[in-house]
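Quick setup: one chain, the form predicted alone, written in structure tokens, and binding and motion questions come after.
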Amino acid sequence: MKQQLIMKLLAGMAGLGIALGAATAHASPEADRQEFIKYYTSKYPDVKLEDYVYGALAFDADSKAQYDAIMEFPPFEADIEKGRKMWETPFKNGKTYASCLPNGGKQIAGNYPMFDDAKGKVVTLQDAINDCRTTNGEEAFKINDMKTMGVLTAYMRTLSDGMLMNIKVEGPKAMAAYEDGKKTFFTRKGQLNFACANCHVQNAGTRLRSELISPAVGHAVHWPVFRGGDSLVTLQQRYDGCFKQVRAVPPAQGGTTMNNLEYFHSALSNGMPMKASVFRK
């Protein structure tokens, strides 16, 4: 049965480059985004583009209805409250996160990841939080520590709920980082020889076992998510899981490869509203 599922995902892979020719060449980020949108909307003309912020739920009305019911009384409100308390608790020097982030930390999450020209690399929202901490004499959080960085980021994203994703790729160095992330997205990896695109482009909207596969456009607007109601997962943790599921050794979370992948991946959702915080199965 498992082998049949794998073969189903592999079917038609040869046509992926043709279907997304512009996205696999050195196209501009906006051209890539438009090519992805064209691909999805042609394949699923009855699905509204604005519904892609809900991921795989866009393809299943019953699942979306269940999601709406759960979100009326989110099971993760206690975690968001923990993040709020962390956000508002002053550092030892009396300053706060709001004092060292643009616009007091409000309506900025959709700008991340961003390319930092001074550092010559992509920085994520988590990097910005840690920069704030170390600048104020505090120790940096571990990127994948959900009790600290996870809940703090989950709360901080609520300060940008509804903001339109606004990832900028300007200049040759930023473009090189974007292209590196795109290469990772389209490169087959692991013993199963899958690329991110094989699932989230070629097979978006189809089922793997009992679960629908989500489209890449709209992905980045709703992370971190609370899976199963209370298990917090960041976008890079999900990347980590995907690498392992195709039996590949994942790059380090917070490292260049992961950050560049998030940079490319997030740019695909430009113009879509942030959704924070959300439930996923």
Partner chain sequence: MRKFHQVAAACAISAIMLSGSVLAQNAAAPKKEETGKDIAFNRVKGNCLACHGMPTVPDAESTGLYGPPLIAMSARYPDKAKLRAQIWDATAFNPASSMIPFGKHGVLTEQEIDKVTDFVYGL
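What you see is a predicted model; the values in this text were computed from it and never measured. Numbering follows the first chain given and starts at 1.
One more form of this protein exists, namely the form predicted in complex with the partner chain; it is left out here, but the text below deals with it.
K.L.:
Among 27-35, 250-258, 211-219, 41-49, which stretch has residues whose heavy atoms lie within 4.5 Å of the partner chain in the predicted bound form?
P.N.:
Residues of 211-219 come within 4.5 Å of the partner.
K.L.:
Can you tell me whether N93 touches the partner chain? I mean in the predicted bound form, with a 4.5 angstroms heavy atom cut-off.
P.N.:
Contact check for N93: no, nothing within 4.5 Å of the partner chain in the predicted bound form.
K.L.:
Would you check, heavy atoms only and a 4.5 Å threshold, whether Q245 touches the partner chain in the predicted bound form?
P.N.:
It does: once the partner chain is placed as it appears in the predicted bound form, Q245 has a heavy atom within 4.5 Å of it.
K.L.:
Even though the partner chain is not shown here, does Q66 get within 4.5 Å of it in the predicted bound form, heavy atoms only?
P.N.:
Output for Q66 is yes: heavy atoms within 4.5 Å of the partner chain.
K.L.:
In the predicted bound form, does E139 have a heavy atom within 4.5 Å of the partner chain?
P.N.:
No - in the predicted bound form, heavy atoms of E139 and the partner chain never come within 4.5 Å of each other.
K.L.:
So the partner chain isn't shown here. In the predicted bound form, which residue out of T89, N193, N103, T135 has a non-hydrogen atom within 4.5 Å of it?
P.N.:
Exactly one residue meets the criterion: N193.
K.L.:
Within 4.5 Å of the partner chain in the predicted bound form, counting any non-hydrogen atom, which residues from 194-212 show up?
P.N.:
Heavy-atom contacts to the partner chain in the predicted bound form: F194, N198, C199, Q202, N203, T206, R207, L208, R209, S210, E211.
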